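First comes one chain, alone, set out as structure tokens in the form predicted alone.
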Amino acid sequence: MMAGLVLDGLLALLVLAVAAWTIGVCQTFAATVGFTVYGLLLAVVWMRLAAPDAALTEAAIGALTGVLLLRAAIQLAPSEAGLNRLRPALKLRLLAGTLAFAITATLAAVVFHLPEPAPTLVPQVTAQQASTGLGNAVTAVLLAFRAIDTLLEAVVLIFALVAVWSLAPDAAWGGIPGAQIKGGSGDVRAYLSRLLPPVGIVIAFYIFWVGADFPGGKFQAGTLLAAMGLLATMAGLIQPPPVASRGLRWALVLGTLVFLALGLAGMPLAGAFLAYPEGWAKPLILLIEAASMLSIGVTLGLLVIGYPAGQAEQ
């Protein structure tokens, strides 16, 4: 018991130290590394709080945002020297620090003054979870009790990719996203891209399948699929299809379309939008998760690859 408290205390101090260092460091690349480490530490925190679903999601999101920010930091490196000379005045920095401290103190006060016991919907979820046929309460909440939020999150992810693609020059629109990479047969990237994807794909489908009853699900599985595709792409073994490809666009919206179609079907069959007919909740949720896993994997991979930069083929 005491060892666990000591570990939690040290972990909390480490998280705060990394957060402070990330904010205070001047170099963009160093701040990005600190932010990525901060996200991974939060995944450990969620595990200590017995929330493996949140830990898996935090690790997946942290890895993705870390890659995106590192890429942005590398592109901004040539202009960073000039920007560092434009530091805000000391008064402005003190004002920003004071405001941040005040917000943190307010949030801490709210947490420490929560009523005992804290308000919770756990009894209601537990009482209704059996009707979904799912053993994982997180999946039941996301796909049954607050499915509209999950549907909107899928739409937002597509909008994020469209925003990235909109940065492409007009002449490159419709072309292949990202830079063209050529890998040699003796390249370590080529070796890893042949060794790891078969294992990673099997693990991804396992995480998706067990997500109905245990920690896991479509987002974690889709992130792993995206990582395997990125590995093969960076080794030059595969090439992303053009952004104008109809097949690619169908893959991007497949999860949302299946989700929306089943949601609309719930109106005549179950009496409400995004409701499931009795006895069909689990197979329909698994169908939504499978389609969403594919769309999430494709979307996340393309977000990291970036927008088309070269001349589009005519």
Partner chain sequence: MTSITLFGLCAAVLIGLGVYGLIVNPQPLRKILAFNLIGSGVFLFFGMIARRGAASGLGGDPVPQALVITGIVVAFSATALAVALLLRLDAAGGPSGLDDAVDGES
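Keep in mind that what you see is a predicted model, and the values were worked out from it rather than measured. Positions refer to the first chain, counted from 1.
Below, we turn to the form predicted together with the partner chain, even though it does not appear here.
Annotated contact segment (heavy atom within 4.5 Å of the partner chain in the predicted complex): 36-44, selected among 250-258, 36-44, 285-293, 271-279. Contact with the partner chain in the predicted complex holds for all three of 49, 126 and 304, each having a heavy atom within 4.5 Å.
Within 4.5 Å of some heavy atom of the partner chain in the predicted complex lies at least one heavy atom of residue 65. Residue 202 falls outside the set of residues with a heavy atom inside 4.5 Å of the partner chain in the predicted complex. With a 4.5 Å cutoff on heavy atoms, residue 169 counts as touching the partner chain in the predicted complex.
Within 4.5 Å of any heavy atom of the partner chain in the predicted complex lies no heavy atom of residue 212.
Along 55-76, residues 57, 58, 61, 64, 65, 68, 69, 72, 73, 75, 76 each place a heavy atom within 4.5 Å of the partner chain in the predicted complex.
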